[in-house]
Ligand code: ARG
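The chain below stands alone and is given as structure tokens, in the form predicted alone.
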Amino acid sequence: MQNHQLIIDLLQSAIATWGITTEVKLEQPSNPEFGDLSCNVAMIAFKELREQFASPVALAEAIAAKVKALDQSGHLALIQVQRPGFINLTLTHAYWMAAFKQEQVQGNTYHDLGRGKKAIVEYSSPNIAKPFSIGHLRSTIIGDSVANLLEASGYQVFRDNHLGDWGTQFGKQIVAIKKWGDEAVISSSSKPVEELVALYVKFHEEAEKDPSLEDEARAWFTKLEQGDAEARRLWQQCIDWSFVEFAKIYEYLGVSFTENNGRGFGESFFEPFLQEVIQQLVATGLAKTGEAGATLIFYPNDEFTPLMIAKKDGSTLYATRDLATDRYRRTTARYQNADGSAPLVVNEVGSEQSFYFQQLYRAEELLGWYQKGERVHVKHGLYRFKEGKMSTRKGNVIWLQEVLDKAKEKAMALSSDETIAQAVSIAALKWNDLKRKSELNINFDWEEILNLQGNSGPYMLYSYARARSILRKAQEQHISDAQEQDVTETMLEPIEKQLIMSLTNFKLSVARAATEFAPHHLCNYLFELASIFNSFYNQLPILGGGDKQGLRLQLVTHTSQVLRAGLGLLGIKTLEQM
């Protein structure tokens, strides 16, 4: 997935002289002295041609000479060889102007990686009756961005929120509500989850004094599994109370889901299918009863340690529910590709679950549900306190709403307009997270997470707003962006050429971020583009730029379009003015 196809074809034709079929890949050198584009094909091909050439440099020189002879386009201004065997190409200004014209941003799909295919992206997935903490921010915004990137690559994307709405913790929650809670108080609270968390923490405090409470909690969960009316009522209340807060946070962040009327399919949805899944795994021979009486998946040649799917008493586990979920996704017609093949299924879940997902994916491959590459774990590291991991049980957690409120409060220093302050604060939080490799841990630091300077969300918003301001002034002064001289005769200033070269890389950047499920690649690109644009703004006159005025306005227009589109893929809304 790369542009500059004309140059690639030229190099491919040149190396074919020696029977080389290696795919030509181009990169832009970090130092402009080494040309506009660089290729390392000579170093790769030398392994096959070491009997004909003394060194990779000698082969590169032969390829360069062949390229010069074959070039009929007139776009190649200079081709040079650099040790240990790079081929560096400098292209004409006319080439870059033509590339700029072809790369205008139109529509919402930037390449056809997933055209005609379907993808399910599972993200956020908070636990019911537990806090929506700063830790959930990562899965929510990374997953949302990955879904956006896949949509921009042609996939039909289903956005799922796999809520933790089942498990033994609900037995504890029910006991706590019955012993110490007041349903009327919880229902009337603007923050009902905080009430539920306080009760959950109290349960564990009291259980340390009275261990029999654990038995009582297990009994209530058994009732819940068996369909007891009172247990189900309180369980459903916990879900509804939780969504009072969850819905507000998702709306504030601009994040949404497509499945189950926007709520997503929680674990409980798949509870009726659990025994059927266990029976299927046993019938295929993949799962067996171990010595302790539990049912486990045993992998061929002990590729992985066994994965438990049912306890000795028959109760199910997280893995059982995930298997039921993924079988549902594989067998439901609306998720299948047109040819009946499996959709791409992406789980945006913390890095600590890496080994578990390897076990899960391998089991699903052995069952024939999915092939390699159809299941992807997008890992994220954790936000941590200096003293260690956050724990709901200990009440040691930072609520996401607190972070959102403080971020907005800090952004109010930039603008007294609440709408602008909210947009700036969300941009700051999202950018601060997405600009990093997702699997890295982040030590929780108020100063860093709310940073409004440097490589930050607010800087990106300012860059876009600056571009829009220029275009508004041009419109007010009735200045057109029409070219006043022929494109082929346009001589570009170094910063103009640099900006054009950056703009032509937008679609490549989207493709890389989507292919690698890595939004930070897009962040890196957009920050570099914004930096180049601001240098362009500071170095050259735009309005009143003489015969370059039309071109420069086109560059401003295109930059604003790319910034808006790129930030949108990251879930960041732009502001027309700040």
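The numbering used is simple: start at 1 and walk along the sequence shown. Because the structure is a prediction, the values reported are computed rather than measured.
Although not depicted, the form predicted together with arginine (ARG) is the subject of the following passage.
Participant: Let me test this: is every residue among Y462, F527 and G566 within 4.5 Å of arginine (ARG) in the predicted bound form, going by heavy atom positions?
Facilitator: Looking in the predicted bound form, the three residues Y462, F527 and G566 all stay beyond 4.5 Å of arginine (ARG) (heavy atoms).
Participant: So arginine (ARG) isn't shown here. In the predicted bound form, which residue out of E259, D322, E245, E225 has a non-hydrogen atom within 4.5 Å of it?
Facilitator: Only one option qualifies, and that one is D322.
Participant: Let me know the one among V349, L414, I426, V197 whose heavy atoms come within 4.5 Å of arginine (ARG) in the predicted bound form, would you?
Facilitator: Checking each option against arginine (ARG) in the predicted bound form, the one that comes within 4.5 Å is V349.
Participant: Check D144 for me: does it contact arginine (ARG) in the predicted bound form (non-hydrogen atoms, 4.5 angstroms)?
Facilitator: No, D144 stays farther than 4.5 Å from arginine (ARG) in the predicted bound form.
Participant: Hey, in the predicted bound form, is T92 touching arginine (ARG), heavy atoms inside 4.5 Å?
Facilitator: Because no heavy atom of T92 falls inside 4.5 Å of arginine (ARG) in the predicted bound form, the answer is no.
Participant: At the 4.5 Å heavy atom threshold, is N127 in contact with arginine (ARG) in the predicted bound form?
Facilitator: So N127 counts as contacting arginine (ARG).
Participant: Are any of the heavy atoms in H136 no more than 4.5 Å from a heavy atom of arginine (ARG) in the predicted bound form?
Facilitator: So H136 counts as contacting arginine (ARG).
Participant: Pick from 160-168, 280-288, 182-190, 299-307: which stretch has non-hydrogen atoms within 4.5 Å of arginine (ARG) in the predicted bound form?
Facilitator: Going by heavy atoms within 4.5 Å, the stretch is 160-168.
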